[in-house]
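Consider the single chain below, provided in structure tokens and representing the form predicted alone.
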């Protein structure tokens, strides 16, 4: 190396004198520009996202992007919801979807909350049927396999990679995966707390969010075990006095054991009709005193059939409600208790 080349060499020691790794040089250290200046959008001109619908979108399209109207308040709100849904997850989030009363749409809510998360996140989302009494979650998507949670438990010792689990699940177009429960009429014993704990222990290695569709028996071993393991709780209620009473009792039941889970719970008032006789606003007020979020889900003709729930066939108000629900759940991914 020539003398001139030696002068051009800037020595950067691998270890500082105090034994620590060297810090990255900064412009302030020697009055010049360095690579750390290239952070964020510091070298980019501000650029506005084009509106996605309505007359604003038509103007943007007709002008071929030369005119970009400011987004509407509704679109700004929608974009903020999507940002919340995409919150960072540091560990697997286990979400229990519960109701002490059947027929209120709990299984549908599990599917559609999972769908909204799966459509707007890049990680893996799974819904499992945690109803010990022949749940129907597996039939709310197009089945790709007849495998069930029992098969997962039988093969648990041999599961070493994601593809091993994927062979047991069915996947919807949204990317949501579903693991069905056992529907054998000859079955003599339901899965219990230890079985579900073992299953979740396997699944949480491969999925960022696991939604558990619980049965209606709050004293069931499986239900109590999943409530104990859950990071978040969703209570589903129909807009009736009877269903509201049962949902409130469900919150009482959980609060006696895990009060922090009630404070951070999400309540879905499901299947709300405009011509109903119940004061849904009063129901909302009742639940808002106890939980973190209450969301009203309107009646949807597509869901009334009880068949596979297809996102594209839902009414826009129903889709909006489940986007709100997914954003509310994502707020809890940080693990911060209210």
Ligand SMILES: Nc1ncnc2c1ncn2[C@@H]1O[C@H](COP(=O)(O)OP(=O)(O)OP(=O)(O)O)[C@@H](O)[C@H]1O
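Since the structure is predicted, the reported quantities are computational estimates derived from the model, not experimental observations. Residue numbers count along the first chain shown, from 1.
FYI, the form predicted in complex with the ligand isn't displayed, but the following is about it.
Novice: Looking at 148, 264, 170, 107 here, can you tell me which has any non-hydrogen atom within 4.5 angstroms of the ligand in the model of the complex?
Specialist: Comparing distances to the ligand in the model of the complex, the residue within 4.5 Å is 107.
Novice: Quick one: of 250, 174, 131, 93, which gets a non-hydrogen atom within 4.5 angstroms of the ligand in the model of the complex?
Specialist: Residue within 4.5 Å of the partner: 131.
Novice: Could you tell me which of 115 to 123, 203 to 211, 75 to 83, 98 to 106 sits within 4.5 Å of the ligand in the model of the complex, going by non-hydrogen atoms?
Specialist: Looking at the other structure, the answer is 98 to 106.
Novice: According to a 4.5 angstroms non-hydrogen atom cut-off, is residue 294 in contact with the ligand in the model of the complex?
Specialist: Taking the distances in the model of the complex, the answer for residue 294 is no, it never comes within 4.5 Å of the ligand.
Novice: Taking the ligand as it sits in the model of the complex, is residue 311 near enough to touch it, meaning that at least one heavy atom pair lies within 4.5 angstroms?
Specialist: Heavy-atom contact with the ligand at 4.5 Å: absent for residue 311.
Novice: Even though the partner isn't displayed, in the model of the complex is residue 304 close enough to the ligand, meaning a heavy atom within 4.5 Å?
Specialist: Yes, contact at 4.5 Å.
Novice: Residue 136: heavy atom within 4.5 Å of the ligand in the model of the complex?
Specialist: Yes - in the model of the complex, heavy atoms of residue 136 and the ligand come within 4.5 Å of each other.
Novice: Of 263 to 287, which residues get within 4.5 Å of the ligand in the model of the complex if you count heavy atoms?
Specialist: If the 4.5 Å heavy-atom criterion is applied to the ligand in the model of the complex, 263 to 287 yields 270, 271.
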